[in-house]
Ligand code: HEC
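Just one chain is shown here, as structure tokens, and it is the form predicted alone.
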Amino acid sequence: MFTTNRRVALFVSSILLLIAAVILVFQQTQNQPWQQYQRMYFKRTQQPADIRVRQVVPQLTGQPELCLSCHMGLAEISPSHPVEAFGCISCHGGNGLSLKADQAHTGLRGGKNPGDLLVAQESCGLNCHNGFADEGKNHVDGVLRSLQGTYAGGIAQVRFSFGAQSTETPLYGVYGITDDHPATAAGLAELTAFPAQSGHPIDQKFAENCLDAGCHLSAAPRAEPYFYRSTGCAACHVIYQNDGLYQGSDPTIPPDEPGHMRRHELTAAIPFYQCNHCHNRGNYSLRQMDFLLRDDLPPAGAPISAQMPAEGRRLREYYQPIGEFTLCEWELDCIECHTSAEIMGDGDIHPKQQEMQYTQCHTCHGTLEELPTVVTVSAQHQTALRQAQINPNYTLNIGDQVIITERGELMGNTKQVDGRLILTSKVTGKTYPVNPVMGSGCQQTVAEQESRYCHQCHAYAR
């Protein structure tokens, strides 16, 4: 009898242990991180929960990826990079078959940023933005050789000023870079990586105080308001809010943690405040060899009231209050005037900013004696046509008449319509008339064409 009872007790205990084990396994399988992220997403978006593994098989690779099982609500990076075609791995790298974060993120290119210049050749350039006979498509090479990337002119000026080199011609860049076929007279064949440990005191000080925390495309940004941005290609094409907070629906990105992109999106419609994360935040002092922050904006200055009207805020934030600017410079965004070659480079290693910053007031407004130069768009203008295709705010078609710069770049958003020039903002889609100097009361002399001469009369005080 005792033996029978003991057997029954052992059997019941075994059944209870088995049930407990099943419940534990069930709880564990129902409480994986990817499932928690999905519950968080559905709660945030107030949708009925649909917890399941989500798979994408991108056309480019044909290999299944499970990344969206965690990164639900992640915005598609751009219409020209649809997830159905590209997936995640072709740009980001990593292991798309794992649902465990440490395994899935092993081998990510550039950490969270595949556009970082250290990996851009592989992530952005391979088969996409490099390796073409048409130089207009080789964006990665252009950016790597650009002044925004190399900072060659700034480095040369500082070293020359302090006697570290005998010529103003750049010898060094933030990184080393070569060009076997310079296409312009000023193009350089190569730059050597900046010699921070050269032994000259200015090199170490310049590296520590300026380059390491600077605004060239390789520098990690300051973790402070108005400075939040990414690096490399994403420094321009991925928008950050001034507070550095994420506004998308990916549950893996904390919405209250500064230092994240606005949304997971690439854009060609780059607003002025994205440019200002690097530009116009202050000035480098050669005397102190340090960066001096603006005192009218955070983090050095007081925060701007959230109740300030948008227009007043724009005038406050746009440029430093030390220069004179025209009304159109206040109203328009940077990319309306600065062309892609000026910003992203034209494939050559240029020695200084003046070699690349060539758009002037007369490019659009002409002079007293001549109207701006206009060209009819044809099939040969592929670069301008491609640029319009990826920007949602303006259109460009064969047969349109648009302004052409002295370097041969088309300003595709400034068209001649019924005998008048109309600029359509690349950022907002708003239209503006472009008034010619010819026939006006302007007293400009044809010998004085740089924009600084226009600023003497047309300065607009904020």
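All figures in this text were calculated on a predicted structure; none of them were measured in a lab. One rule holds for the numbers: they count along the sequence shown, beginning at 1.
As for the form predicted in complex with the ligand, it is not shown, yet the points below apply to it.
- Contact annotation for G87: at least one heavy atom lies within 4.5 Å of the ligand in the predicted complex.
- At the 4.5 Å threshold, heavy atoms of H279 reach the ligand in the predicted complex.
- Residue contact check for D333: one or more of its heavy atoms lie within 4.5 Å of the ligand in the predicted complex.
- The closest non-hydrogen atom of V140 lies within 4.5 Å of the ligand in the predicted complex.
- From the list 285-293, 103-111, 165-173, 373-381, the contact stretch for the ligand in the predicted complex under a 4.5 Å heavy atom rule is 103-111.
- Comment: the ligand is not present in this chain, but in the predicted complex one of V158, L245, L188, C91 has a heavy atom within 4.5 Å of it, namely C91.
- Put simply, of I177, L297, L315, V238 only one has a heavy atom within 4.5 Å of the ligand in the predicted complex, and it is V238.
- Contacts between 346-375 and the ligand, taken as any heavy atom within 4.5 Å in the predicted complex, involve Q353, M356, Q357, T359, Q360, C361, C364, H365.
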